[in-house]
Structure formats: C-alpha cells, structure tokens
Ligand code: UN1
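Shown next as structure tokens: one chain only, the form predicted on its own.
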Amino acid sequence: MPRTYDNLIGGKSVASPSTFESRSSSVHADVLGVFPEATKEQVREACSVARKAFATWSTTPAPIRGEVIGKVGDALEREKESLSKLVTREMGKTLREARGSVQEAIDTCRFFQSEGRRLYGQTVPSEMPNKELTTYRRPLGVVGMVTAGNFPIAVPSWKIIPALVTGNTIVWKPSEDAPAVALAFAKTFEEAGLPGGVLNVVFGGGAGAAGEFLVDMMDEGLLEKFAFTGSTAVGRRIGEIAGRNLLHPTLELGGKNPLVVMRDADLENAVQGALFSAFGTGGQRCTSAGNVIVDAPLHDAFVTRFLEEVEKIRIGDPTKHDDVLYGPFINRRFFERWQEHLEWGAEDGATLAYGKGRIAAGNTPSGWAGDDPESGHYGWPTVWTDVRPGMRLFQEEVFGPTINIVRVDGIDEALAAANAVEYGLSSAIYTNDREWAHQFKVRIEAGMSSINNTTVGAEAHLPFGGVKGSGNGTRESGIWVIDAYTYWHAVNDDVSGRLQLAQLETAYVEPGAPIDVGALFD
C-alpha cells in the first residue's frame, strides 16, 4: 500500500477528508504516495496560522533568517542526488536536468543567505536642519504561492527563499503533479529550524480545489501578496482578484519564445541550441522555443541539418536511461493539449516535416529507447515548416515537444516575426554580426534574451520574468525579486525640538544683491 501524507500547517501534519495519488509520469503504475486535497477551511486556517507566525518571524533579525536559508542549502546539497531522482521519478525530467533544477535551488539558497546581511535601506539628506531621513525594507505579510510542476524545486525556491529572507510567512500550494518533491523540499526547511507556521504547505488541485481556495483568500483579506507560476489565462484571473484587493502579485506566465537564426550564424551551434530549446524537458518549459525564425539564405541548410538531428533524439523513461533527451509528458492534460496542435497545423496549412503524434506500439521514432510506450504519455518530436505569423500554430503556446520553423528575410523581418505574438518571456538570436545582435537586444519584446545561446536556462542571480502576456513586470531571482516581497518604509526623524515644515521653511540663506555681469567687467 502506498504511504499517505498530510498537509503541513503550523508545523503539524493535518489530514484532509479527500486524497489523490501521485503517480510517476514515466510509469503510471508507480504510485509515489497518497496526498491530501486540502479543504477551503484548511487553507483558511493555514493563512491564519501564517499570520500569527508573521509577528515573530518578521522581527527575527534578517541575518538570522539568512542563516536558516543557508542550512536549507546545506540539506539540499547533501540530498541533491536523492532529490534529483525523486524529481525524475515523479514528473519525468531527465536525471541530468533534475540535478540542474536542484542545483538551482542550492544556488538560490547561497545567494539569499548572504542577502540576509544586505537588506539595505538608505540615509537621505533632509532639506531641514536637525532632521534625519532614512528608508527601510519591510516584509509584506502572508504570501500565498501556487507553483507549477515542471520545475518542482527550482521555481518554488525562487519564491519561497526570498520571501522568507525578507521576513514574510507563506502558504504554498505546490503542483498536484509533483507533491512528493514539494513535501521533500518543505522538509529541508524543517531540518533548518524554520519555526512552525512560517512555511505552510497545502496540497491539492487548482480549479475548484486548494489552488482556487488560496486565491480566494485574497478576497477574505488573509493575504498581503500572491505569487503564481502557470498559464497566462489563470494569471490574468489572479491579477484581477489581486488588483481589486490592491495587492501587487508576482505573475510568471507562459511564452511562445522566438529563436532567431541569422544568415551569418554558426550553423552547427544554432542547430544544437534550437534542438535543446525546443525539446529539452519535452518542450514543457515556459522558456522553450516556440518559433525558430531563420533568415532566408540559411533556411534550407538549417532545416536539413535540424531534421537530421531531430531523427537522432533519444526518448524514453528517464528513470531507466541516462541518455534520453526527454521523457514523458508531465500529465495527461498537457498531452491532450499537445495533440490538439496537430490539427491546428493542418488547418493552418503548415507542413509537418517530422512527427507522428503519440508514441505507441508500432509507432515509435528511431530514437525510442525501447520501453513500453503505454506506461506514460510520450510524444514524437514534431517539426513544422512553412509556418507564418498569424497562424494559430505560430501564436499559441503548445507546451510539448514541437517546434515551428519560420522563413524570413533580414533582421527587420526577423524581429517583426519574433515580436508578433502576445507573449514576451524569453528569446534568442544566433549571429556573429554585432550590429544585428545589438538590434535584437534593443528591439526584442522580451524579459530575457540570449546571444548565441538557447532560449532556456536561468541563473540564480539574474532576473527572471517577462512582458506582455508572459507576466506583469515582476521578476524572480537576484536582488530584483526583493522588491516583490518588501515595501519601502520612509522615516522622518526630527530632533530639532520645534515644528519644521518641509517645503514651507527652506529659505535658510538670505539672498545677496543681484549680480550684473555686464557691468562687472566694464
């Protein structure tokens, strides 16, 4: 019998009347555990507990909060291999990528441990005598968080760790696709000595379940901040609710990321970059490339070389094979959504250059690792050519192993195509022309850009986030995320012992006689 786990509320295990199973994405028969479907009352209680814990945690010295985060990093480093294998087993990421995602959380801990000693304010000169002006960063309060399952440790770490260092308390609803990884991650905070109630974890689904219940807590006045990673459609709804409650949410949403290949690009480098941008994690990244935009003089050579490499892609169960590029879909709904795009392409008039839908018995690509294809949801690597801006295939995020190749002529047309989507998350260009690279940096509508590198990948000390339909301008990671979890407090300390009125009493120096420069040198 699989083991049953509970919500973590106020440092205690809290069971729910309903439960769900976490099954391996690679082998659906593999049950990792039974997890609770948190009720609305339990979500509300978690928020109340977090509010009580805030009084103590927010006044804990910031360097001490940073030391707790450092101990989380120690635990993650010690358990890196076991956590990585758990990520691979539960949500289907290759072990190589899983190790990278755990390392991202470790790096985040190391960065923000030291930020506990650098939550600087400023001293500001006053226009009045005997007065001191200072500013301080203050924590917001209780933060509600909902995260996705494609990066079940890295992305939560981007939110949880800076929120804690800055003195906030948290109610976290992790993805129902990776609850075991979330529980293991939460346990590292317990080991580090984080007081009960500072980080509360409620499990369950999204719509009509724990995720929606947590969003509802904004209307009940129980949250001061909301942080969400997921689809643009859900992000818009969260933004509306946050707006009417005067909250500024962190919204990290979808992408249809362009990768531009100019005529002077290193062909082999561009092909390898496009290959991983499109098919790393099976295309299930918000930063995965959606459209490869190729300059006309290089287009045919690129397509030929790219298809040669696509045919070599190894696909299979990542718990059994270290050499696969990608494994299964994280869940059935992602797979079914991906299948729909095959109809879009046919309706749009695009050319299916490679791919045959679901990998199944009797329908496996040459790179199939030989596992039972029915054990999970696996998809052929899919390549579309003759794709044009305006096609649904070009416009909409697919979130699976598929890529469009778009022919353009010159840098201006390439940039017009790159910007012709509602999203603006990540982007990349392959070129050796510094003027074209500069034009790309200046004119691309995206929160992140790479020159001669992939659309994917992030570092713990660099801001992560998008514009347009990819987010609301907030950023994860680095020093920039601190602004998302604090507010500025301005303090006016008057030691003059009398009433002083700024802007009204500032004539401290008597003016002299007007100067006449012309008369001065007569």
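In this text, residue numbers run from 1 along the sequence as written. What you are looking at is a predicted structure, and each value in this text was computed from that prediction instead of being measured.
One more form of this protein should be noted, the form predicted in complex with the ligand, which is absent from this view; the next part is about it.
Taking the partner from the other structure, the ligand in the predicted bound form has a heavy atom within 4.5 Å of a heavy atom of W158. In the predicted bound form, F54 stays away from the ligand, with no heavy atom inside 4.5 Å. In the predicted bound form, none of the heavy atoms of D177 sits within 4.5 Å of a heavy atom of the ligand. Shown alone here, R285 lies within 4.5 Å of the ligand in the predicted bound form, counting heavy atoms only. Contact annotation: of the candidates T94, Q113, N150, T166, the single residue with a non-hydrogen atom within 4.5 angstroms of the ligand in the predicted bound form is N150. Only one of V68, A458, L32, A484 comes within 4.5 Å of the ligand in the predicted bound form through a heavy atom, and that residue is A458. Only one of 150-158, 206-214, 375-383, 341-349 places residue heavy atoms within 4.5 angstroms of the ligand in the predicted bound form, namely 150-158. Residues of 112-130 include none with a non-hydrogen atom no more than 4.5 angstroms from the ligand in the predicted bound form.
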